[in-house]
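Below sits a lone chain in structure tokens, taken as the form predicted on its own.
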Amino acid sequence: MNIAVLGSGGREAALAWKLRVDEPEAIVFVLPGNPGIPGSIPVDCADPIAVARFCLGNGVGLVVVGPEVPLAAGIVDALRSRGLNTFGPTADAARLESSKSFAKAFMEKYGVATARSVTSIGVAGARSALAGFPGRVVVKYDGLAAGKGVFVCGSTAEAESALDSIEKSYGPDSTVVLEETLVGTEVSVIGLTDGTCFKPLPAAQDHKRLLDGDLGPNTGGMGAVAPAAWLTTAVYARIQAEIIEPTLAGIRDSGFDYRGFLYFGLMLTREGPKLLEYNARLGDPETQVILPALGSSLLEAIDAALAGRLAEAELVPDGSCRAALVFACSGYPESPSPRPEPISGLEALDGSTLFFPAGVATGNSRFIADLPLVAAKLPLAAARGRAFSICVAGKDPGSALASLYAEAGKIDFAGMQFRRDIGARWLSSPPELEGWDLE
């Protein structure tokens, strides 16, 4: 069976890598992929007709959707209607991510533990509603914004500036969600669902801010670690009871056809777990640590979920600690890099280090589909945004982080940005858990 992964980033590079590990005999295509991912084919993953034509003509028996934009646009609905076995939620179900106002209403209706919020249709109304959130507030653009539509504001002045940004980017009639700021430790619980059952992958911690110490602007993610060892059976039981089970009840009650990945972005507070957001797909860069830390077959679990038999599948961690670091281009996230910058040092990476390309170009600008070389041997350049990530393994968090930064020291390109404190909170249990009732 041939497989097609839709998308072009580091998440899709990791998905393709894991599916090849699970099924070495399969040909794994990545549409459109990027110049560093073997098997990339320049087919627009947002064009269902082009995707279907390619898949039907190349013996593809499974399509796995990576990014959120095609999901929101109904790529799953379109491909299934053409007879293609496709893993991902339908457009209706994907509204849990594509509309923050819809998601907050869903959480409230089904009793999912979350932060207090107000939804305003129009930026002017949101400005008026700021009075109900004195001091710190989270401002969220309602729609998809590539990880850049959420503003964590420390003052009313910062919130006003965030609303100015939303108005400038999306217009004065934009729907905006204002949310109380939660204090605690963030964790990503991501897994598979068939609409009835949820099976978690190893829990991960993302690092959203650009700069060390969680400073600077929000990004798509600058690094991740997995698993969160302190997410014990007792801690997970509270998350399951207060967030996961009510969500599944809502999915069933709403009649959603949800056979895909489901992402719970959580804040662990002293009062208990609170849901920050849903994503209707895997996270990036969480995928780059979660899938390498999975010791069992992802492909078998996907097959089980599509058949409605996810309860029979097993997702077993491999026992390692994984850490991933994102390397971003100059100007990210506010302004694009002016030109591709050659990357040096990739050939010096340890053979066990995983390299997941994203915003890269080849030295001669040719596409990987035209080249017989594997990614590690290509002359690559950092071309845009988050250029690539690396992932290493360790027997414990300390050894994984030491290896990660030893490998990072081998890499260089002009304007390179990366955080030097990924995993700093990985080494100790969150203090918020001390106040939890874990009986």
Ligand code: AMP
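Heads up: residue numbers just count along the shown sequence, starting at 1. In this text the structure is predicted, and so the values were computed from the model without any measurement.
One more form of this protein, predicted together with adenosine monophosphate (AMP), exists but is not displayed; see below.
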From the candidate stretches 274-282, 303-311, 254-262, 78-86, select the single one in contact with adenosine monophosphate (AMP) in the predicted complex, where contact means a heavy atom within 4.5 Å.
274-282
4.5 angstroms heavy atom contact with adenosine monophosphate (AMP) in the predicted complex for Glu186
yes
4.5 Å heavy atom contact, Glu180 and adenosine monophosphate (AMP) in the predicted complex
yes
Touches adenosine monophosphate (AMP) in the predicted complex: Val123 (any heavy atom, 4.5 Å)
no
With the cut-off set at 4.5 Å between non-hydrogen atoms, does Lys208 touch adenosine monophosphate (AMP) in the predicted complex?
yes
Interface check vs adenosine monophosphate (AMP) in the predicted complex: of Leu294, Cys197, Leu144, Met267, the one with a heavy atom inside 4.5 Å is Met267
Adenosine monophosphate (AMP): the contacting residue among Leu349, Ala73, Ala115, Leu298 in the predicted complex [heavy atom, 4.5 Å]
Ala115
